[in-house]
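In structure tokens, one chain follows: the form predicted on its own.
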């Protein structure tokens, strides 16, 4: 198995590690339930820093390929590949190309504003609790120096679930890899994580109060800010 791993010489090391591990999971080199080598071992095998390995494993976990366990018998294990995880490799076509990022934001402006409106009308107490947890996750990560991507993604997933429309949920599922990539790109801009958190809190409060018009308006403004950033910034 290890003889398939070659030293990586490219600039974006964590992305290269991610692509290689993702490919090895999809082709069955690492099967469902298999435990991956430790960060130290992977670092030695790929000849990259442990930070690059850690980032690649984190993203693969977010995309649904890996499950991290703590305690006795803990480690990083390969999950059963879901439809979501199989679709997410499609996100590689996005890269950091500005035009595609702007196009995805246009898609979000149409879809996610309506999701926010419906969520305000149809949310349950369970949905509210899920959104609140996602905001807490986002806040904690930002306070620790991160960009809040996991909490951000979880919040939008919670909104989609709250709108009680399976078609919307499936559309977001199919585009999830692209959506995560665009969020990662815009959240890396200076000051954007904090502004994004503030926007999410406002949207959450509007949805919680059942104010559908305000929820739609706030989501529209949130995405338009990201569009403005994407138009003037170089990624």
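Positions refer to the first chain, counted from 1. Predicted, not measured: the structure shown is a model, and the values here were computed from it. Throughout, rigid core stands for the largest set of C-alpha atoms superposing within 1.5 Å between the two forms.
Unshown form predicted together with the DNA; subsequent notes refer to it.
Chemist: What is the one choice in 205, 32, 29, 38 with a heavy atom within 4.5 Å of the DNA in the model of the complex?
Modeler: Contact check passes for 38.
Chemist: Can you work out whether residue 216 and the DNA are in contact in the model of the complex, taking contact to mean some heavy atom pair no more than 4.5 Å apart?
Modeler: Judged by the heavy-atom cut-off of 4.5 Å, residue 216 is well away from the DNA in the model of the complex.
Chemist: Does the DNA get within 4.5 angstroms of any non-hydrogen atom of residue 110 in the model of the complex?
Modeler: Although the DNA is absent here, residue 110 would stay clear of it in the model of the complex, with no heavy atoms inside 4.5 Å.
Chemist: Answer yes if any heavy atom of residue 58 is within 4.5 Å of a heavy atom of the DNA in the model of the complex; otherwise answer no.
Modeler: Yes.
Chemist: With a cut-off of 4.5 Å between heavy atoms, is residue 54 one of the residues that contacts the DNA in the model of the complex?
Modeler: Residue-level check for residue 54: yes, a contact with the DNA.
Chemist: At 4.5 Å between heavy atoms, only one of the stretches 192 to 200, 166 to 174, 65 to 73, 205 to 213 reaches the DNA in the model of the complex; which one is it?
Modeler: Selected range: 65 to 73.
Chemist: If you look in the model of the complex, which residues in 13 to 30 sit within 4.5 Å of the DNA (heavy atoms)?
Modeler: Read in sequence order, the residues that approach the DNA (within 4.5 Å, in the model of the complex) are 13, 14.
Chemist: Answer yes if the CA of residue 39 moves 2 Å or more between the shown form and the other one after aligning the rigid core, and no otherwise.
Modeler: Yes, shifts by 2 Å or more.
Chemist: So with the core overlaid, does the Cα of residue 205 end up 2 Å or more away between the shown form and the other one?
Modeler: Result for residue 205: no, shift under 2 Å.
Chemist: Superposing on the rigid core, does the Cα of residue 166 end up 2 Å or more away between the shown form and the other one?
Modeler: Not so; residue 166 is displaced by less than 2 Å.
Chemist: Once you compare with this form, do the C-alpha atoms of residue 201 and residue 58 lie closer or farther in the model of the complex, given a change of 3 Å or more?
Modeler: It is farther: the C-alpha separation of residue 201 and residue 58 rises by at least 3 Å in the model of the complex.
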